[in-house]
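Structure 1 and structure 2 below are the same protein chain in two forms, each given by itself as structure tokens.
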Structure 1
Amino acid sequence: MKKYKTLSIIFIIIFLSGFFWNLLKPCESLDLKKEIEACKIVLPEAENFSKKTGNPLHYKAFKFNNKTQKEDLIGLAFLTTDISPEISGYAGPIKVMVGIDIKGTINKIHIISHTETPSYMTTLNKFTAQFKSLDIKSKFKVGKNIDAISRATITSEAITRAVEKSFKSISKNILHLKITDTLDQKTSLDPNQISLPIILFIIASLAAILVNRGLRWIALAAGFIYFGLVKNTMLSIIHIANIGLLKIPKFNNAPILYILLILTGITCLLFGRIYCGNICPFGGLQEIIYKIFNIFRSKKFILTKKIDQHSKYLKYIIVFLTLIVSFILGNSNPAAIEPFLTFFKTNTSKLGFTFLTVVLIASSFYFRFWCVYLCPIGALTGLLSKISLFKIKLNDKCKGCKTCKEICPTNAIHLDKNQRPIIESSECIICNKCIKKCSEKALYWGKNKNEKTR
């Protein structure tokens, strides 16, 4: 359909506009007032602060001594982003002001700014309070002496590493204290975070090519357990917004995210919506709910063709809206609208739970309600699937029985003027029901040869 070309062009324009807007906009000038206020928070006893100087950069904190009638140095305050800028959180740099006394003990830390998901940061004060009284001999280990913020391990580790590195650098170079530990701590890469997703995508792709429904359910179950329950990492419009904003975490911090993005892109370009149909944890959940409720239902809920077709454009509106808002604000947090974030991360508002409930109830009536009509990732993978190398194709054996059209759960199959089925690849989730049910074996996986396919 020509409309999919238009939608693709609109997406590219929005994405590139947002990308270049955020790339070329002038950098935020140093908010000195915020930094001084943060200095006062981390060293409340100080009466005066010097300008930020030295190597590494720091503020000196002074207090008037009545006996000597002079100002005594009582501590130092410094920004982690000045000393260890290479350490960033999940969605970008986290600006932390650290206040220490002259003996090398942390008085307080204060987060000035961050771009992490707001709903996870509600216990930030409790987290930062753990750093009080840590000194150069203390361990800075998340999971040992420092409890992480629930569901925000990367953020917690980033803050901890940044505070430790900058604190020890200041203690060594300014206070001239003896530091025995190495300052450079690299996070070790877990090879399972790379190998397991690859295996999962291979199984899902084989399920599609070999038209094996058993393999498909194995891939869906594995996706639900691994990506959903174990890793709480699914493709989200937040990631697309972060790519446009150049705020993606470093590979070592989130290798699974990179692998997920790359493999989804590759399988989309090869076969179509493999991720959506055969791996997505929330998609699998909706399918299970639909199948369970269908057992008790005598009639399927079949929508009028016009309503069904027009409703499918809603997910594109959602993509464009969330991306535009994120790019204008320079922050991907507004794009956190997807209900699977609520289901798998369980750390959200009442509104989020209400929305999740509505979607799950709707899924019991309409097959994959979220995926087909609302999912922004489904919209984008659908657009990418239009240029996939391999597609489900029709041969001359077709007798026009319309079984494939009736059996397709996402209504991705329409009939042309000659009553021959056309598969809408952007809506097809590659469940292969049509191939399985076709009595004439007229449908098959074949190479897309620039035919007039949709």
Structure 2
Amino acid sequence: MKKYKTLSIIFIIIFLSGFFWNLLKPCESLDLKKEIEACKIVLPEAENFSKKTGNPLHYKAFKFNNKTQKEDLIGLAFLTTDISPEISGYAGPIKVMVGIDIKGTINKIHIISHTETPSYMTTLNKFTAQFKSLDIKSKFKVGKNIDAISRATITSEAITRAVEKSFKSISKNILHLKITDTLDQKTSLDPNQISLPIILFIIASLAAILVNRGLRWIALAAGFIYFGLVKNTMLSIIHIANIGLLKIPKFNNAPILYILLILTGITCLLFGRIYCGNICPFGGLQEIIYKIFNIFRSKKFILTKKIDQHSKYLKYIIVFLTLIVSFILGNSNPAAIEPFLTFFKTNTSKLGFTFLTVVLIASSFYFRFWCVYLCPIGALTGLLSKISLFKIKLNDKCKGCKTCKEICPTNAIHLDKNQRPIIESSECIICNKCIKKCSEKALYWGKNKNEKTR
């Protein structure tokens, strides 16, 4: 127990240090030079720009006319955060420079700065190119005439709404064009992103409490489909790093993330690693791969006890290092190391795909290889599960047959000097195989007051 207290203290120190550093550090003001450079990008034909003036704020773009020997106004450039500052992305404001001609047609948009996770913004240029030639009569609809950035729908919608609102405000008030649709489409709260995760966690929790394998597989399948394939949203160390970096999305922008964090925390404190064992899409995928390959081999691959125990600390090292580097750099990109980000993402790097392949191959030989040895979220839920209210307990019926130890897929059970099992709750994924296979009914769910669990 002492070693896990130390690990918990280290995590708290690192996280709070990063949190307060980002809370207290002075905000960097946007460099005026960057704005002018952005103006030249969105209106490259312009030879001169005015100072930022007017209501709404904007730059006027001029080009010298050889015939009249005067500068002609050829367009306007404006910053979305000057006109629609209330619209933010997943992790904070996104500063977009928009260039339009005097007829009210967008020439180009350029992202000056953002606080989104860099690894999610791999197709940013392709996304922004879609705004070229849109005018005041165009529809700004993500999923219809504008394709979202893969795995960054919230960001895509925020950029689109900010550009549309700012563009139409400038067109109406500065160019005096007739705007028939100036509606600011606010992000509506999808109740399904709250109700469905709650239902899923209830099923997963009942599977643990009732020791029902059927319910467990229903929860795992539903988690894979809903969180993995449909929503592409799983708990990630990126989320933890972003919280420490104060890059916290509004509830309406990411209700599913808030619910996922809250429900995982509650179920961890009540029963242990419900999310990891009964819901996590990538955990379920690894389990299926292991079961399939296990059918075709007669001998299991088992690490020695010493190697297994020491290897399990790698996930804690990963947590600490990724958070430290993320806090130092001021962004969560170093935390984008989890293979499920690659698996459920359409765009990825060769390195990411290679790492995913290695993890999946290893998972065919070792049960939930990523979860057991490397997963940073698994490390954090493991620390939280140490203080769970209910745990798998041991009564006096145990005869020391060692069946539970042999059947435990994550090697979370060890034997004391009397050959009685000690359940390492931080490594237990609540598959309940030990309870099912115990012929003496010595293992059961009960309140956490037993020295044989730790």
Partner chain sequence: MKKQDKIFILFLSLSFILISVILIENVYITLNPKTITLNIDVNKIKNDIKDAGLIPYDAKYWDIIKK
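Here, rigid core means the biggest group of C-alpha atoms that superpose within 1.5 Å across both forms. Bear in mind the structure is a predicted one, so any value in this text is a computation, not a measurement. FYI, numbering is relative to structure 1, first residue = 1.
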Answer check: the form predicted in complex with its partner chain matches structure 1
Would the C-alpha of K399 be classed as shifted by 2 Å or more between the two structures after rigid-core alignment? no
After fitting the core, L134 CA displacement of 2 Å or more between the two structures: yes
Determine whether the C-alpha of I74 shifts by 2 Å or more between the two structures once the rigid core is superposed. yes
Rigid core superposed: how many angstrom does the CA of N145 shift between the two structures? 3.4
